[in-house]
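Only one chain is included here, represented as structure tokens and corresponding to the form predicted alone.
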Amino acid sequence: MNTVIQPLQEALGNRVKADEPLARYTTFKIGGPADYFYEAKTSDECAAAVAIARKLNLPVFILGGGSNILIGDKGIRGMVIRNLSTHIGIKGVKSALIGEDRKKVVYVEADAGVPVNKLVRFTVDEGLSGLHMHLGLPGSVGGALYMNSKWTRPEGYIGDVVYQARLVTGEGEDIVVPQSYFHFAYDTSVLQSTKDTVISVVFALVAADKDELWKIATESITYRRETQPQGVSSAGCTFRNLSKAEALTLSTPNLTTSAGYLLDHAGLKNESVGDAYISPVHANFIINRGKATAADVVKLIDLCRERVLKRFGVRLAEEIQRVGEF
């Protein structure tokens, strides 16, 4: 097809495809083609694919579970690597003083392509706390690190329990970095401003009562199912919630930090553009009825922003990540 496909296939085999449509690989079911597309089945395959793409000066995008992203209608230039690596294992155990008690800390390693739900179920079955509140979180481990995914019932961030991670840098170097490298914050990590690719992650988890962990995990996923739209094509929450400081400064109604509350009370539920519409269940979710385009979603996002700004004086920031060309 061109001079790039040949060296890619020589290095990675015939699983490399050109002009692969991406919509079916995302939870939104929206998106144009990737110039080059490869499914990595192991962490080493993922690392090798990133390295060869860097060597060929191709932009790289890692596709995990396909949630929380909106891919442009014109697709993604360069190399899209769909990470299907699924290894999870216990890497080590030690005793540590936590507060006034000595507890068992277990180090669990997971490939970046592992679905978060699979990892959570593994750790809860092992009687390990730290990830149990994330049951029901869509997407992959790598994506969760990228966004520092969170849950609030009880509050917990993925980054809280990261011990170290294996990365391939923008220069193609394969390195291991500690938790501090990521500068985790609300909905953010350093990965959003670098060209690093997460290959695998080690989590430091504390031994706890398995039955109690399952109770909390079940409550978390039940709450998600009761308050969020289910069985639909959506990327998840469209906008970030406000910080408590922002809510106080902007004097939101009841000092709410909820973007969904502001969208709902701006009358945006059921609003639509083309085949994209706002969920009647939760106003912070945009749903694809079947033929929505990225352009439809962007227009609906703009409508939401304008109406909330006019009604409450709040400029909502997107949580959804736009990828590719629009």
Ligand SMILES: Cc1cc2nc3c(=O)[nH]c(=O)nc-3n(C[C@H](O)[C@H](O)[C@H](O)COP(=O)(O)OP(=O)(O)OC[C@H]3O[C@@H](n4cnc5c(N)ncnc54)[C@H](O)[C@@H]3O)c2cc1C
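Please read all numbers here as calculations on a predicted model, not as lab measurements. Numbering starts at 1 and runs along the sequence shown.
In what follows, reference is made to the form predicted in complex with the ligand, a form of this protein that is not presented.
Heavy atoms within 4.5 Å of the ligand in the model of the complex map, among the stretches 239 to 247, 140 to 148, 206 to 214, 121 to 129, onto 140 to 148 alone. Interface residue among 224, 77, 103, 91 relative to the ligand in the model of the complex, by the heavy atom within 4.5 Å criterion: 224. Residue-level contacts in the model of the complex: of 300, 294, 47, 69, one residue has a heavy atom within 4.5 Å of the ligand, and it is 69.
Within this chain, residue 27 lines the site of the ligand in the model of the complex, having a heavy atom no more than 4.5 Å away. Not displayed here, the ligand is kept clear of residue 252 by more than 4.5 Å at the level of heavy atoms in the model of the complex. Residue contact check for residue 61: one or more of its heavy atoms lie within 4.5 Å of the ligand in the model of the complex. Residue contact with the ligand in the model of the complex: residue 37 places no heavy atom within 4.5 Å of it. Applying a 4.5 Å heavy atom cutoff to the ligand in the model of the complex picks out 224, 228, 234, 235, 236 from 213 to 247, in order along the sequence.
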